[in-house]
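First comes one chain, alone, set out as structure tokens in the form predicted on its own.
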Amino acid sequence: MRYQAVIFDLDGVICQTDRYHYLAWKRIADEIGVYFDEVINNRLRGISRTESLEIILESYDGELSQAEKNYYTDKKNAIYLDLLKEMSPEDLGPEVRDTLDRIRAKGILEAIGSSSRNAKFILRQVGLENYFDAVSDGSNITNSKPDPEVFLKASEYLGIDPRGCLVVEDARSGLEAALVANMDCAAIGDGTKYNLANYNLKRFSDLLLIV
């Protein structure tokens, strides 16, 4: 067996929540009075809300207090969570659950490694709340990707050496985190354009050719 465990990023890998992030941040940017579009939104993938707000504020002609920043990150999350209520098991790609089941059938452990503090809520919405052997997310880490902490915590929870883990990621920050964690990584979606991964996946089920 090449790998003992597979650690999946959540947003953009298991399910697609980018649109909800965009809509929530757009409302915040409009309230602050700064320009925000899909290109800027793409820079926010895989990083924390605090770091995301700092990127949005790059074009802000002024300075926000820490209390104001906290207000906007909290408000963004409230908007985002409200939008996520629309999610359901139908938001899983048709091959995602089948591929996860076939990986598990090989005796390989599966975990989530996400910087999002909403990972468990999203998993509940798509019907995977009790599916993974471990969930490492924004609620149990101090440093967001590209720091490797979220993946190292996942491997610790699984009891698997990092070198026995494969990370599946779509964001540059996540791929960099996997490499620092001394884990092989498979890129999917936008992640394939960075030339950082050990494998590039055209579709989620291509994982079965690797593990």
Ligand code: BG6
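In case it trips you up, residue 1 is the first one in the sequence shown, and so on. From a predicted model like this one, the values you see are computed outputs, not experimental measurements.
The protein also exists as the form predicted together with the ligand; that form is not presented, and the subsequent description refers to it.
- Within this chain, residue 47 lines the site of the ligand in the predicted bound form, having a heavy atom no more than 4.5 Å away.
- The ligand is not shown here, but in the predicted bound form it comes within 4.5 Å of a heavy atom of residue 117.
- Using a 4.5 Å cutoff between non-hydrogen atoms, residue 125 does not count as a contact of the ligand in the predicted bound form.
- Mapping the unseen interface onto this chain, residue 132 falls outside it, with no heavy atom inside 4.5 Å of the ligand in the predicted bound form.
- Stretch 39-47 is the answer when you ask which of 179-187, 39-47, 160-168, 146-154 has residues with heavy atoms within 4.5 Å of the ligand in the predicted bound form.
- Contacts between stretch 73-107 and the ligand, counted in the predicted bound form as any heavy atom lying within 4.5 Å, involve 76, 77, 80, listed in sequence order.
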